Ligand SMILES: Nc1ncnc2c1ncn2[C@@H]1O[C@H](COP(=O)(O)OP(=O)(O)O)[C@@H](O)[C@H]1O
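Form predicted on its own, single chain, as structure tokens, below.
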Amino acid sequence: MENSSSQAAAGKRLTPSAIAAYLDQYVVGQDEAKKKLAVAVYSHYRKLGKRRPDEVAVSKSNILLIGPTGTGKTLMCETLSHFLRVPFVTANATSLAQSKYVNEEIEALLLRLLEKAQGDLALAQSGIVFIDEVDKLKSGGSEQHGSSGESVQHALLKIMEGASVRLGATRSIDTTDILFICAGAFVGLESIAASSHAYGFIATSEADDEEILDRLNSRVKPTDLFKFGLIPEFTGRLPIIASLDNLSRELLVKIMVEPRNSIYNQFREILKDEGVELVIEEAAFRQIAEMAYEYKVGARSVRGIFEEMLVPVLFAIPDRPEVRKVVFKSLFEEPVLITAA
């Protein structure tokens, strides 16, 4: 990679395995989605680095992430941008659909990307735009005082494919090399996919690799997205589709503990600054995970429960210099405060 995308990954070997390994440090689980995302990103930025006038033009492969709320879609993409050292901005498709002036909102989004690149146009043009809740843009649906979901899909087509967009009176940004990652929960898509599950035209025999056939049959197909309500042109701009799974109780526990910037590590650092060691025993983590699992919004509820548990301690500790250690044995018991001898 010899342009701004090489600078973006400076000091790192940009391979799918390296990308996935970096994601593993911050995002728990979702191994198949990470693998697909890593390969797609590797291919995208390799194309930028090897582009020559005499080469066959390679179409851009934008990405669609499908998964329940709180499963790590946004976190995965933001972490990816940190690895690549490219600017990253997010937008909410629902907000776009509620706006009367969709094109102006899109221009504002690209302007934010340029601002994230600190005015470096070349860097902005190799950045990542993440658009969440695209499943809310079903054709036929409409927002009062705003645009229909289908009209927003049409408005996004041009920039996702690649276009020069004016930003104010003097500047323009070329979206050809900007990677667009869309995401949504797509509630109800499973039942649509189930009705078109089998590849009936594939003959099977004992020699066939069942794992390959299962993977082909389980993947979300463009026709499933058409039936859901995305227009074919919009779906065609998202050739890479990765699905994320619901988080189990075990994964919710791991999310609190294992990532480099896990919530447990964050609060251990906060209390360490006060000269206090924070210890949370496994039972408390499991109770938090159980409660978060029942809320059915994935990892989003974990932080709220975790912080609520710590509020009394964080309130009192700065005024208790004699406390040296805090131990939580259960979510439903007062913590043990250990003072200096």
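On a predicted model such as this, the values are computed, not experimentally measured, just so you know. Throughout, we count residues from 1 along the sequence that is shown.
What comes next is about the form predicted in complex with this ligand, which is not displayed.
Student: Want to guess which of 108-116, 267-275, 70-78, 230-238 is within 4.5 Å of this ligand in the predicted complex, heavy atoms only?
Tutor: The contacting stretch here is 70-78.
Student: So in the predicted complex, does any heavy atom of Leu37 sit within 4.5 Å of this ligand?
Tutor: No, Leu37 is distant from the partner.
Student: Going by a heavy atom distance of 4.5 Å, is Lys296 a contact of this ligand in the predicted complex?
Tutor: Judged by the heavy-atom cut-off of 4.5 Å, Lys296 is well away from this ligand in the predicted complex.
Student: Though only this chain appears here, would Ile255 touch this ligand in the predicted complex if you measure heavy atom gaps against 4.5 Å?
Tutor: Yes, Ile255 is a contact residue.
Student: Would you check, heavy atoms only and a 4.5 Å threshold, whether Phe306 touches this ligand in the predicted complex?
Tutor: Contact check for Phe306: no, nothing within 4.5 Å of this ligand in the predicted complex.
Student: Only one of Val28, Ile63, Ile288, Ala33 has a non-hydrogen atom within 4.5 angstroms of this ligand in the predicted complex; which is it?
Tutor: So the residue touching this ligand in the predicted complex, by this definition, is Val28.
Student: May I ask you to choose, among Ile131, Ile159, Leu247, Leu84, the residue with a heavy atom within 4.5 Å of this ligand in the predicted complex?
Tutor: By the 4.5 Å criterion, the partner-contacting residue is Leu247.
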